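A lone chain, given as structure tokens: the form predicted alone.
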Amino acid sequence: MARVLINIPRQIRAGETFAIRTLIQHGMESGYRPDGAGGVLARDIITSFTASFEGEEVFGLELSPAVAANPFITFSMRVQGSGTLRLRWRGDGGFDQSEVRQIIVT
């Protein structure tokens, strides 16, 4: 499992727009860099990220080899009530990591 940092505001009001920031530690090997033996290092990138709130996708993106290692992703959302946020990263070689956070609306 990769190390993930997630920043969600502590206090969220119903209907208020707020930002969610994520950082995942991942080497993001492009597949173009030569190795020491004259070959090319295998591609190993995160290819997609999705965020779902109460089972409905609220944000998603596709990533390419041009994205830096340890991708930092930030997006905004608005909710009317408390619920479960699921963040999911998928990538080459079967990489699949999910994190779940509770969003509490005051």
Partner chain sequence: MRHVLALLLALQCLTAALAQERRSGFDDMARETQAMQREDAANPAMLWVDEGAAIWSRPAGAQGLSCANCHGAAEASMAGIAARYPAWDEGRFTAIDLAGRIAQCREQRQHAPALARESEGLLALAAFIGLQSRAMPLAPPADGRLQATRAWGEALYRQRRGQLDLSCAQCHDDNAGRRLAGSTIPQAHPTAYPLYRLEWQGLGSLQRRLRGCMSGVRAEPFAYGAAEMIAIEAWLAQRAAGMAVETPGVRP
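Everything quoted here is computed from the prediction, not taken from an experiment. Residue numbers count along the first chain shown, from 1.
From this point on, the text means the form predicted together with the partner chain, which you will not see here.
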**Q.** One residue of L61, L41, A69, V58 in contact with the partner chain, assessed in the predicted bound form (non-hydrogen atom, 4.5 angstroms)
**A.** A69
Q: State the residue from R86, R21, R90, R13 whose non-hydrogen atoms include one within 4.5 Å of the partner chain in the predicted bound form.
A: R21
Q: Look up in the predicted bound form whether N7 has a non-hydrogen atom within 4.5 angstroms of the partner chain, and give yes or no.
A: yes
Q: Classify Q25 as contacting or not contacting the partner chain in the predicted bound form by the rule of any non-hydrogen atom within 4.5 angstroms, answering yes or no.
A: yes
